[in-house]
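Okay, here we've got a single chain as structure tokens, the form predicted on its own, with questions on binding and movement later.
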């Protein structure tokens, strides 16, 4: 794989990385919840896409609403049942709870779907667009397109609607938002449900070219964390661009170095940002 191919593949994969990182960043930016169960929601979204296609023959892109609804409902359940008491405080107990929930989701998925990796068997997913010496699967192109559209939609929702302004007000100062009549609990519930819906959406398009197994969620969590730190905690566009950077670095490292160590430069990049620019590319120095 040449450098140009690595850059193209990295951008296409990075778009989906950015999509599920947006949800992770949103949960932290609004509620200060470090949701390490986020990868489990991505994994469940992958199974939604897999079974929507294999079991019923539903087109992969048509299954997107099902993934959004399933992720949103799961997010609402997790928030009301577990996370509501930890809003505004990323404590050790909250981190341990999130890790435990991620493990529970993984075990339940293994019981329901089995331990073996599964993938979509679709002729559409195995077709490629050839551009000179480069190529890209139509599945990756479609997934990237969905990621871009979803990112723009979330940006428009947060910056162009009354609900979005309310979310940002609660994120900045929940107590002041309550004084002016905003229901912080309801807004937090909606924001957390949206974060999980985005994770499931990312999973439903990722499974079109990436095999799914119960542990895949934990494998994706470092990407979400690194992309969020690079982009800036709580920044939607930052998380998306952080995902793009992660995808490109990963693919270039795999080409220039070795696939077995492709994540090493990502961890080095994480350390550099934490040391030099801890608020990320699009974050604010005064951010929590």
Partner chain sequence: MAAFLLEVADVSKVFGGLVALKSVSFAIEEGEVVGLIGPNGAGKSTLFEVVSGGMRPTGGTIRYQGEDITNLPAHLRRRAGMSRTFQKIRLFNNLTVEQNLAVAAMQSTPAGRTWKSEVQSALIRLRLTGLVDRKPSELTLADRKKVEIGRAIVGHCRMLMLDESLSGLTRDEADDLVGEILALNRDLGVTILVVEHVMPVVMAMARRLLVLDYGTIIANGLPAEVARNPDVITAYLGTKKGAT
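Numbering follows the first chain given and starts at 1. Only a predicted model underlies this, so the values are computations on that prediction, with no experimental measurement involved.
We do not show the form predicted together with the partner chain, though everything after this point is about it.
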The unique member of 149, 156, 179, 131 whose heavy atoms fall within 4.5 Å of the partner chain in the predicted complex
179
Is residue 169 close to the partner chain in the predicted complex, meaning a heavy atom pair under 4.5 Å apart or at it?
yes
With a cut-off of 4.5 Å between heavy atoms, is residue 162 one of the residues that contacts the partner chain in the predicted complex?
yes
Contact stretch among 182 to 190, 196 to 204, 70 to 78, 139 to 147 - heavy atom within 4.5 Å of the partner chain in the predicted complex
182 to 190
Would you give me the residues of 131 to 152 that have any heavy atom within 4.5 Å of the partner chain in the predicted complex, in order from first to last?
none
